[in-house]
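Just one chain is shown here, as structure tokens, and it is the form predicted alone.
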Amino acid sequence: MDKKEFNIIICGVGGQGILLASEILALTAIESGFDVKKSEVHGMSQRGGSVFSHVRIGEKVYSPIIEKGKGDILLSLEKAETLRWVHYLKKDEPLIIMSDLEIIPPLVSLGITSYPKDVEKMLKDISSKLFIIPAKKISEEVKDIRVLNIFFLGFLSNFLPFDIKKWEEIIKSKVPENKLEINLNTFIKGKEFIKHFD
């Protein structure tokens, strides 16, 4: 992506590591010489509720909030959560990276509402730059669903101008030492997964 400003929304549900992912992204951008502002909401995170973060990256950023219609990238770790934030994206071919995981919320389980259908079709109508990641299959391959957020960051890294060493430095500073190897390996797996879309 040949530009110097990035408005990125990361979303999912509680327990998916949304806040850690946004922290690693923001710090990597700072270490790469960019100005960064970040905001996050995690009010229901302990109950599997919606969690999101705005990360704004540029030469000079004045606000941590992305205006509706100004988002460049949506990184979503849960399928339905993608729809909650898609209206924040710009109209001109935004980048959407979405997990195929469906985490059924309590209101759906109680029969009060239904889980959205045809999410992929709706998103394809919005942008041709849609990457759907088979998250369940990948979590089985890496043998730890808790590192899926790092896999997604690895995939995202293909679209940002940050050196891989910066990403690795920040990951090393943010994950426990006994989980470092699996996180670094998963980041590389995520980065290389772009080959599946050639």
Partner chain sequence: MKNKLFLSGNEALARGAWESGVSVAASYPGTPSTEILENLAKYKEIEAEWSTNEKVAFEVALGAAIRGKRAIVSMKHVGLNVAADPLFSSAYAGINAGFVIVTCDDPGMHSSQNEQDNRRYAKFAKIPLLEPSDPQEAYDFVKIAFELSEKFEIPVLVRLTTRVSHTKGIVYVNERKEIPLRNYTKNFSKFVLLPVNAKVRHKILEEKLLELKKLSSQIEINRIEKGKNGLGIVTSGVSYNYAKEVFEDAWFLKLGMVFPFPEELFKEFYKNVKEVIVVEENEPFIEEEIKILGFKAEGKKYFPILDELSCDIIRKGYKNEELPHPENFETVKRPPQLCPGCPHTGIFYSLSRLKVTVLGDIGCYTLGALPPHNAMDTCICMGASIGNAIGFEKAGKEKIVAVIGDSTFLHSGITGLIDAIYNKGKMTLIILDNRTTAMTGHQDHPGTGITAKGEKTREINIYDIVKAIGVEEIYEVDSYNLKETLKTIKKAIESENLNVIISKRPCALLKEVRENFAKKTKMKIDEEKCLGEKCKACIRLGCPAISALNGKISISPLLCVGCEVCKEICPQGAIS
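Bear in mind the structure is a predicted one, so any value in this text is a computation, not a measurement. Numbering follows the first chain given and starts at 1.
The following text describes the form predicted together with the partner chain, which does not appear among the structures shown.
Chemist: Could you tell me if V41 has a non-hydrogen atom within 4.5 Å of the partner chain in the predicted bound form?
Modeler: Yes, V41 lies within 4.5 Å of the partner chain in the predicted bound form.
Chemist: Is the gap between V36 and the partner chain in the predicted bound form 4.5 Å or less for some heavy atom pair?
Modeler: Yes.
Chemist: Is there any non-hydrogen atom of I164 lying within 4.5 Å of the partner chain in the predicted bound form?
Modeler: Taking the distances in the predicted bound form, the answer for I164 is no, it never comes within 4.5 Å of the partner chain.
Chemist: Would E168 show up as a contact with the partner chain in the predicted bound form if we use heavy atoms at 4.5 Å?
Modeler: Residue-level check for E168: no, no contact with the partner chain.
Chemist: So which residues in 73-90, when you check the partner chain in the predicted bound form, have a heavy atom no farther than 4.5 Å from it?
Modeler: Residues within 4.5 Å: E78, A80, E81, L83, R84, V86, H87, L89, K90.
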